[in-house]
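As a starting point, one isolated chain is supplied in structure tokens, in the form predicted on its own.
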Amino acid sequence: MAAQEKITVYNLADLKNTTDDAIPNYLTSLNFTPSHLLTDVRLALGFSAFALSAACFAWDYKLGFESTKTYTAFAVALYTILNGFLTFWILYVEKGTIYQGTSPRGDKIRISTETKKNVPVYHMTIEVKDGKTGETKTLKISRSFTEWFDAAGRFVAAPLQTVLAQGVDVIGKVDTKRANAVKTEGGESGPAAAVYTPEMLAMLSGAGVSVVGSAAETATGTETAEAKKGGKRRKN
């Protein structure tokens, strides 16, 4: 079995980017249909600005500045407008969106994420629009990265998928296995995580996967405590 890729656990950007990439993959595996509208518009704006710059360079190189300065002035103004609109699109329309799509049941879902500086907590904002009634509701979930990354920097998808399935009804209706997993007592920040029993942890460990977080610590806390006590020796 190939070694699982590790990331630097002290790099908040790596933690967020890896998690951001995992969510669309998970939803795709559940037969959600992604919408690429936001990305397509951003690419169109970016390529348009690039094409305008290339054209400006070409006519200046071939015809000279004096004969094309009027066109260059228009090009500069248009380039400024395009880049301004691109910035507006990223900051106020996309707003950190990592996924937008439709569930197999016809419900619309949009997921935006963010982190705070030097705080290893993953904040998710999920907007769901009911496919039948058109009603829209917004959910906010905040969880520690330690729930799906171990100390070595290995990513484990199952705990993250369980958080989403139990916290977002649209996802839970499709992934009923994770949605109905046994829960621990949750806090105000989001839904409770699934309990990983010693047998489940042993099975995951045998597959070369590490599971960490409050649920895993609950399942292994006794064994760890006993191991620490057993390792101590009194000095005579």
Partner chain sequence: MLSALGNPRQAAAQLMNFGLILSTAFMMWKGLSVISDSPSPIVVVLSGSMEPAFQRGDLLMLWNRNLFTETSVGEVVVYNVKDKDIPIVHRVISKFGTGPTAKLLTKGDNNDSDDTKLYAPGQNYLVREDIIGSVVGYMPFVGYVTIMLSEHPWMKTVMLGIMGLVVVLQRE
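Positions refer to the first chain, counted from 1. Predicted model, so just to flag it, every value in this text is computed and none were measured.
Omitted from view is the form predicted in complex with its partner chain, to which the following refers.
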Discussion item. Is L30 near its partner chain? Define near as a heavy atom within 4.5 Å, in the predicted bound form.
Written reply: no
Fill in: K69, heavy atom within 4.5 angstroms of its partner chain in the predicted bound form
yes
Worksheet item: Any of the heavy atoms of L63 lying within 4.5 Å of its partner chain in the predicted bound form?
Response: no
Worksheet item: Applying a 4.5 Å heavy atom distance criterion, does I81 contact its partner chain in the predicted bound form?
Response: no
Worksheet entry | The single option of L139, V121, A157, V76 touching its partner chain in the predicted bound form, heavy atom within 4.5 Å | V76
Worksheet item: Would its partner chain be touched by all three of K95, T133 and D150 in the predicted bound form, meaning a heavy atom each within 4.5 Å?
Response: no
Fill in: Which of 140-148, 99-107, 122-130, 83-91 lines the interface with its partner chain in the predicted bound form (heavy atom within 4.5 Å)
83-91
Worksheet entry | Members of 22-50 lying within 4.5 angstroms of its partner chain, judged by heavy atom, in the predicted bound form | H36, T39, D40, R42, L43, G46, F47, A49, F50
